[in-house]
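Only one chain is included here, represented as structure tokens and corresponding to the form predicted on its own.
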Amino acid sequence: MCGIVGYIGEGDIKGFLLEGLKELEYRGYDSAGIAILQNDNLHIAKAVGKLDNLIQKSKNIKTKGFGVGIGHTRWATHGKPTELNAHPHQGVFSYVVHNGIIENFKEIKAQLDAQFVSQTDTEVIVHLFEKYFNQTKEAKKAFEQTIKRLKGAYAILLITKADPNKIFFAKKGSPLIIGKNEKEIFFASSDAPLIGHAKEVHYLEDDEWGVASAHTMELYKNGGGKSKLSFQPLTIDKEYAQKGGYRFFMEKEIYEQSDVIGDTMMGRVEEGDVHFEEIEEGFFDGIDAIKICACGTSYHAGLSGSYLLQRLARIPTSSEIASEFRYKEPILRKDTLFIVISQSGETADTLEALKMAKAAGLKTLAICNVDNSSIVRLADRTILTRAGIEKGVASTKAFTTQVMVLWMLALLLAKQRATLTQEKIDEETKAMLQTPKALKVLPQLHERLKRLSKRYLHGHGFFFIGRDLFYPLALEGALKLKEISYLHAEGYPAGEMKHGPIALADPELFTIALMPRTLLYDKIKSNVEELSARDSTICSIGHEWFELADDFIQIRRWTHPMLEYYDMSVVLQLLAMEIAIRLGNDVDMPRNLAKSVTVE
């Protein structure tokens, strides 16, 4: 979720780079940096935290005349958010910025005789390039050889004193756009930084790479010959560009989940193993119970985590609503790990609960999306979800990444407590590595939900029902609908219907039934049949057709409950959004709500 920009020309190099990074700061704010080559002089500045810190650090950089420059704003994947890990990374005479993941960086690093100063995967790119340049004495040839060695996803910009008036670029799996006007060349991760500067743009395809100067631009296909540049007018406005072409930030963030879940797992999950560099060995020693505390969507993630922690790690786990926890005179034992979950890290009730746990001497762990937030600073240890900035008030990608962190944590504790065989751990990690597929939005599914949404605009309410892991997901589905459509919805454990709520069942009550094939299918089927017999309108979500459903939304066939969980998460988010859009609501800024709840 990093953002990169580049510039070639005689204009305000520093100004464009900083302005462009400001437009991309939503992609990451762990650190930022710029590097400018001008008249054989190098100007470089890097800073930890938000872009304002970089603006201050670079205020004495003066640029005049022709030059090239690159910039980067970082969301940490490999290595902590430090100045040494901030981009641009440099070799002896070259500088690089990169968005993505170099999967074989450890293998490459072991083969290089170079002085590494960072913990990042990116630094291998610049040292590999310089190795090949020292062999070939040709910058373009060295860059081509470098790109051929890399495995993974990347958008790369590289400048070098060996060929100082050019930018070398490459794309695979991460977005990169080239823009131009009569006098200048621009690069950026999205359209937004280019608006007001570039008149035309070329959207790079995967495996394209090249070299650009003020007067020439060469484009190649990795492993092939020359590729054709196809520039088109840049006519979109800035707001549209920030949304990446989506109607709402919420829609964009739903679609991003497939990518950001990979960032959440990066460097932490491999087949057969889970680990967190943020947590040292022995941190969990002496822990015999876990208490999770959160609010809203984060509470639903925590409730999901409680099922996973008990099932996989066999450790007693409870999940508490932070606003209630503080006033129930809770019993806090020192053998309990206290986990708080917050997207912003500023949620007032959760922060106060964390203070109580700290005062009682409990070990504390934060699961959060924002580094250097209040909760992160207070907790003993933190696991960052790496979801990227979430602008939509109704949380989507923060939720799915929180659940992933809890799933990983459950597996780590299961390994340490020897509650699972290695075969079972292998099975779980294989499923984890498939979650990007489970979260990928299928166009035909989205179109079906758009059409289906028109049938759910009236009535006197919704029941979202599920069992086991899918009960917290039902709660989350109901919350999403309430937040943005303003329709009444409730989440229930499916088995509780006959204990009172079924009295509401009639044709004007919509039941959204989560029916996973891998977990308690026959049980949930019986519960839905009870509602159908009382004429509730049934919308079934699952892989297997349910004959009593009035509407059926089919997900893909999975063999693990968590993959069904993630697939259904996307369905619930999209369905809520499409209903809200049909009702004419502002999906990104629903009434009466705020993104970060900093009051009690």
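In case it trips you up, residue 1 is the first one in the sequence shown, and so on. It should be emphasised that the depicted structure is a prediction, and the values quoted were computed from it without experimental measurement.
What comes next is about the form predicted together with a small molecule, which is not displayed.
Novice: Tell me, out of Thr317, Thr385, Ser485, Ser298, which residue has a non-hydrogen atom within 4.5 angstroms of the small molecule in the model of the complex.
Specialist: Spelling it out, the residue with a heavy atom inside the cut-off is Ser298.
Novice: Using a 4.5 Å cut on heavy atoms, which of Ala494, Ala394, Ile125, Leu365 is close to the small molecule in the model of the complex?
Specialist: Result of the distance check: Ala394.
Novice: Counting only non-hydrogen atoms, which stretch in 164-172, 335-343, 225-233, 411-419 is within 4.5 Å of the small molecule in the model of the complex?
Specialist: That would be 335-343.
Novice: Would you please decide whether Leu479 lies within 4.5 angstroms of the small molecule in the model of the complex, comparing each non-hydrogen atom pair?
Specialist: The answer is yes: Leu479 has a heavy atom within 4.5 Å of the small molecule.
Novice: Taking heavy atoms only, is Ser189 within 4.5 angstroms of the small molecule in the model of the complex?
Specialist: Ser189 lies outside the contact set for the small molecule.
Novice: Would Thr347 sit within 4.5 Å of the small molecule in the model of the complex, counting heavy atoms only?
Specialist: Within the cut-off, so yes.
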